[in-house]
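Okay, so we've got a single protein chain in two different forms coming up as structure tokens, structure 1 first and structure 2 after it.
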Structure 1
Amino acid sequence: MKQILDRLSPYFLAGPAVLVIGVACLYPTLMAVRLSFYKWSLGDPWSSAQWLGLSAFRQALTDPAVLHSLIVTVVFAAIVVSAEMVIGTALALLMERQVAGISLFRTIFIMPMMVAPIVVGMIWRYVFDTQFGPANALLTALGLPAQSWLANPSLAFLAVVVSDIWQWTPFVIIMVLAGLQNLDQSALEAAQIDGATPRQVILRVKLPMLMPVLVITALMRLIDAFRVLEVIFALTFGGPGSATEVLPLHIYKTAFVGQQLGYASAISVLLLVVVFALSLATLALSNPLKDPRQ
């Protein structure tokens, strides 16, 4: 009896978590996939739903608004992930040094990641406010003209990029710091004995050894960047026009503003495929295949 309980105990312990994940994640996903084959509006009875088959997917793949949102998402993700990786890695290398007060600085630098995304959007909306925002106050103090940040397409895009970099660079810092803690100290000592300068140690020893961590971190941030919604929702709502309308926000507008839940579900499934592919890439890189000869 005891042996049976020992064998079943992992299932009893993991069962509740698996059940919650299944109900909270898997069921809505399956319902979204099902809804993507129908034309249905919120508030209408399900009996009035019209079967469309794959036509919603064909429409999504040729819809200029969807393609524009996808381009905005790709450009946004490429810029923020690149900037966060460079800034986060540089700050992590600086914070690695054991100097007085470094623990306080580490705490301060990771605080933005703890703020709710919707709050981040509201904070930066105030920062870039035309009349009362600190951004224009700084420009005025420097003798430069104030800007209509959120009314200019280029400046509004810059605003959402800055807000995302501010919030998620700490994630890169944490990941890189964790990687630095696990570096092979013998290799670092060997480089120093050979007369390598601190710069050479970073460029030729630390960064190559950190490459697996950097790749995984970049992919994780890329996945999150493709799913960004709350910050842009609160900051610009995709405006001005559609200059900052990323794909998740376009899906939201299609579903709850345009009342096209079936079409929005089809776009969501396409986005799910992209995110799933990125997730598989992350898993493949974090669990490399072993050499079959070993």
Structure 2
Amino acid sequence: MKQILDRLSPYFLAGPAVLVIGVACLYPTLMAVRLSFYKWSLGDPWSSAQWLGLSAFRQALTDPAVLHSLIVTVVFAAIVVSAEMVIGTALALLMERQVAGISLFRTIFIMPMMVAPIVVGMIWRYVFDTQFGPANALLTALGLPAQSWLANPSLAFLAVVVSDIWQWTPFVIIMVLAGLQNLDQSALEAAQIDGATPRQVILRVKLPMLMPVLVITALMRLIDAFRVLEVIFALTFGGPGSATEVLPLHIYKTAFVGQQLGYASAISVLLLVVVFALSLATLALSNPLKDPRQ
């Protein structure tokens, strides 16, 4: 009896979590996959849904608007994740030092992450407002011409990149700080005894030891960057033209403006596949869960 209970106990312990994940994550995903085979719009009875098979996927793969949004998303994700990893890691290494007032700085630095994304979008929309925004006020004070930040494709893209970096670099800082605090101090002491310079300690000891944390952090940010919606929704709504129309925003517009929920679901499934492939590629490069002895 005791043996049976011992054998079952992991299932009892993991069961509730699996159930919650199944209901909260898997069920909507499966419903989205199901919906992608139908033509249906919100408000219509499900009985009126029309079976389309794979045609929505075929359409998505040749739709110039989808491909454009995918390219915008990939470029956006590549820039913001790279920038956030570099800036976040550098700031974490600075904040690791025990100097006066560092706790206050840490608190200030992580605050952007706590702001709701839609509010972040509104804040940055104000910052980049052509007429009254602080960005142009600063340029004018410096004797430079004011810019139409959100009306110029390149500047608007820059604006969404800056807002994402502002909001999510703190996440990288927290992850790297946590990783730094768990580093094996004996390795660091050994490096110092061997005469390593601070730069060498960072590049040759700390960063290699942090690599599992960095990979997981980059992966989480990459997945998030591919799902970015609210900030761009409030900041540019994809414009000017479609210069900042990332794939999640295109999916949103297709679903709720165009009322093509089936087609939007098909694009969502394709996005899921892209993110899954990128995640696998990242893990293939460095899998923190892999036993190093293998």
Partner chain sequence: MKRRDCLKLFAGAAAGPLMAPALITPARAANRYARFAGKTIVVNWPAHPHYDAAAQFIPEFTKLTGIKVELDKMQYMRMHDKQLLEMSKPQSDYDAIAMLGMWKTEYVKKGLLAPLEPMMANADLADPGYDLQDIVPAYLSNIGMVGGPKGYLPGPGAKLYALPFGTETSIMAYRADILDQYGFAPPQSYAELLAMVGPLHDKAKIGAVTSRGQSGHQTTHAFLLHLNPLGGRVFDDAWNPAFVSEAGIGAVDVLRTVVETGPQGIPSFGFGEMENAFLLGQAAIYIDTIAIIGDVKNPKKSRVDGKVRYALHPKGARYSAESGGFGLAIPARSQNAEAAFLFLQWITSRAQDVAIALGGGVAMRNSTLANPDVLKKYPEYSVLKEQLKHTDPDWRPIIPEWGRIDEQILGVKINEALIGSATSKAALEACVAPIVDVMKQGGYIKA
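Note that the coordinates shown come from a computational prediction; the quantities given were computed from them, not determined experimentally. If you superpose the two forms and keep the largest set of C-alpha atoms that fall within 1.5 Å, you have the rigid core. Just so we're on the same page, residue numbers count up from 1 along structure 1's sequence.
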Form predicted in complex with its partner chain, given as structure number: 2
Per-residue rigid-part match between structure 1 and structure 2, residue 159 to residue 103: yes
Can you give me the hinge-style rotation of the smaller rigid part versus the larger one between structure 1 and structure 2, in degrees? 12
After superposing on the core, C-alpha shift for residue 26 between structure 1 and structure 2 in angstrom: 2.9
